[in-house]
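Here we start with a single chain on its own, the form predicted alone, put down as structure tokens.
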Amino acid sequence: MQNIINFLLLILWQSVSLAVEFETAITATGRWFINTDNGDSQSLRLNLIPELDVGFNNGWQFTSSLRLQAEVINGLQIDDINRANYSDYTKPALLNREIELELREFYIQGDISNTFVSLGKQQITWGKADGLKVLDIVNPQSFREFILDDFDNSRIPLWTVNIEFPVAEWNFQVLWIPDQTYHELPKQNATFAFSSPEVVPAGPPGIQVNLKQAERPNNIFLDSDFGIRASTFWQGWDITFNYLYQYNNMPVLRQQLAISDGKPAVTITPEYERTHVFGTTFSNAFADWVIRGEIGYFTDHFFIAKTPFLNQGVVKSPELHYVFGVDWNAPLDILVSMQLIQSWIFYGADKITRDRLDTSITALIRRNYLYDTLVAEILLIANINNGDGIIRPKIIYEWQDNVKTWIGADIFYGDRQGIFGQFNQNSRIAFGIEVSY
């Protein structure tokens, strides 16, 4: 990995004399969240993102950005996040308990003949789903705030070789990712620590539980991820076929019962396992309507077992995950978007803590006012199986081209056993401001 970084720096250094255009920008974002249950501040965060774009007279471009992030409220601070998921080359720098500095982008891109090349730390976006992910899994995600943060902010950029080239009516994308970085997960005492039995195993009553650090793969070449996507436009349909060979970004939580100091204890060992992902996406516009969807088949997923020590507390099965969505550009400048998201488990569904078929729906209504300077929206994400979900109203006002403010809420509901209901005491009101130059 260090050789790759040195290679990129060498290219950049040798190209400085070719630079014809420099563009800089900086964006400052402040956010304040208040817990609706007790009135306490849940989060008070400031983000500074300076960006530099360099254009060269040979058509190539260098892009870089940093993110300085400060959080002053316990539960969402840097120490409340498990950082063992990061490779040494991707891990944000910890300045103190409240502040971290992260290299978000650092890549150079351009054309070689009819081939597009992008080398460096970047995000790769697959899929068309809103709110929940199916194929948008190339980059891992930070779950510091569960799924509440914008995907662009919560997605973790990776050191990636991205090559795209046309073949007849098709465009192919080939990815090599020699970066062993996975989902960023909150610690057990964090505000959004997972507690649902669908996600984490529940230890037997009265028995001590010891959670070990994840055993992260660390061979740059043998443990690399590899992906390929073929896309085309056919009779009005945008279609892609996707393949990804990766380590699942969520670790498998294996359990083992042992004796510690003469007493029974459970040791949980997180490990990362390989999976093959085969998928497709499609979309088409019909007047004011857009039909879209994506399908992903995962050959090897691991689920929490009802019996803690049967097969170390996990059940292995393929999973079929898909989403079908409809967007309607309604009169009065109103957007209505609906999605059906389902996940099928093929084997051992009677032995795991979730249902064989898991169904969620999403509904988004958005309207623009005052020449698009005011946006009002409400998003619902609901899990049908558990009867839980989240409601997210939001109003955004753009005072100037570079200044906007917003107020909103994240309202969880449902039983604490569910994926959303586990956070039913974390509902909050949100205030924010963004200034860019």
Partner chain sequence: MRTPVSIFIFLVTFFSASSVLAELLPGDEIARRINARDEGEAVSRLLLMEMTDSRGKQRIRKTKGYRKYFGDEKRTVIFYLAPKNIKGTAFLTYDYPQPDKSDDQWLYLPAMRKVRRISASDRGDYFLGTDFSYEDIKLETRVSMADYQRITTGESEVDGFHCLIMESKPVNVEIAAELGYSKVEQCIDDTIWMVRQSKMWDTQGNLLKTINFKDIRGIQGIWTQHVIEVDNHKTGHHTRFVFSDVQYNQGISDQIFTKNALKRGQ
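As the structure is a computational prediction, the values presented were derived from the model and not from experiment. Positions refer to the first chain, counted from 1.
Here the subject shifts to the form predicted in complex with its partner chain, a form of this protein not shown in this document.
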query	finding
Contact test, all of Q208, Q256 and Q312, partner its partner chain in the predicted complex, heavy atom 4.5 Å	no
Interface membership of W126, its partner chain in the predicted complex, 4.5 Å heavy atom rule	yes
E377: touches its partner chain in the predicted complex, heavy atom cutoff 4.5 angstroms	no
Close approach of D372 to its partner chain in the predicted complex, 4.5 Å, heavy atom	yes
In the predicted complex, Y397 touching its partner chain (heavy atom, 4.5 Å)	yes
Options 354 to 362, 174 to 182, 196 to 204, 287 to 295; stretch whose heavy atom lies within 4.5 Å of its partner chain in the predicted complex	287 to 295
Partner-contacting position among T232, N74, T280, T299 - heavy atom within 4.5 Å of its partner chain in the predicted complex	T232
Of E164, E98, E215, E102, the one that lies within 4.5 Å of its partner chain in the predicted complex (heavy atoms)	E164
Heavy atom contacts to its partner chain in the predicted complex at 4.5 Å, residues of 136 to 152 in sequence order	D136, D152
